[in-house]
Structure formats: C-alpha cells, structure tokens
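A lone chain, given as structure tokens: the form predicted on its own.
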Amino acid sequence: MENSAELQRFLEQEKQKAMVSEMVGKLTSVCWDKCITGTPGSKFSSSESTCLTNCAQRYMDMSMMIMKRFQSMQ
C-alpha cells in the first residue's frame, strides 16, 4: 500500500511539472509573438520589456482563474 501511495504522489508531481513546463512554453511563445515585433537585439527595448511583463502577468492571472474554476467544479 505504501509504495502505491508513493507512486501516486510521484506521478502527480511529475504531472504538475509537465503542466508548468507546458505553460511556460506557451507563455513564451504567445508573449514573444505579441511583444517582439522586430529583430531582437542584445537587449529588449523599454516597450518590449513592459509588454512582456504585462503579457506574462495576464497569462498567469488567467491560468490561475481557470485552475480555480476547474477546482470548484470538482
């Protein structure tokens, strides 16, 4: 029994890691396409940096809202 519970915890942790990794990939892709309009240089411009920050924050806020909604439905 104990091994089964350990295995379940391990699988749940791995599932959560995969979800976070997928979210970071999507966030990077979406925000990059939205905010980086020209050829990137060695630094982001002020407007690009602000856009990336705002985009990432909105994406994280929406993800949290969606997760809370799913949790409340269970």
Partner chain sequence: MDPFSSPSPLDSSSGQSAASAEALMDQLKNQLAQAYAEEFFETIRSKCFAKCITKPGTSLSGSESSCISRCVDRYIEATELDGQEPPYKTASITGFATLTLPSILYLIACANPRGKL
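Positions refer to the first chain, counted from 1. In this text, all values refer to a predicted model and were calculated from it rather than measured experimentally. Think of the rigid core as the biggest set of C-alphas that the two forms share within 1.5 Å after superposition.
Absent from the display: the form predicted together with the partner chain. The rest refers to it.
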Item to complete: Could you confirm whether Leu7 comes within 4.5 Å of the partner chain in the predicted complex, counting heavy atoms only?
Response: yes
Worksheet item: Given that the partner is absent here, does Met65 sit within 4.5 Å of the partner chain in the predicted complex, heavy atoms only?
Response: no
Worksheet item: Contact between Thr39 and the partner chain in the predicted complex at 4.5 Å, heavy atoms?
Response: yes
Discussion item. Quick check on Ser47: any heavy atom within 4.5 Å of the partner chain in the predicted complex?
Written reply: no
Fill in: Residues of stretch 17-56 in contact with the partner chain in the predicted complex (4.5 Å, non-hydrogen atom)
Lys17, Ala18, Ser21, Glu22, Val24, Gly25, Leu27, Thr28, Ser29, Trp32, Asp33, Ile36, Thr37, Gly38, Thr39, Pro40, Gly41, Ser42, Lys43, Phe44, Leu52, Ala56
Worksheet item: Once everything's superposed on the core, is Met60 shifted 2 Å or more at the Cα between this form and the one not shown?
Response: yes
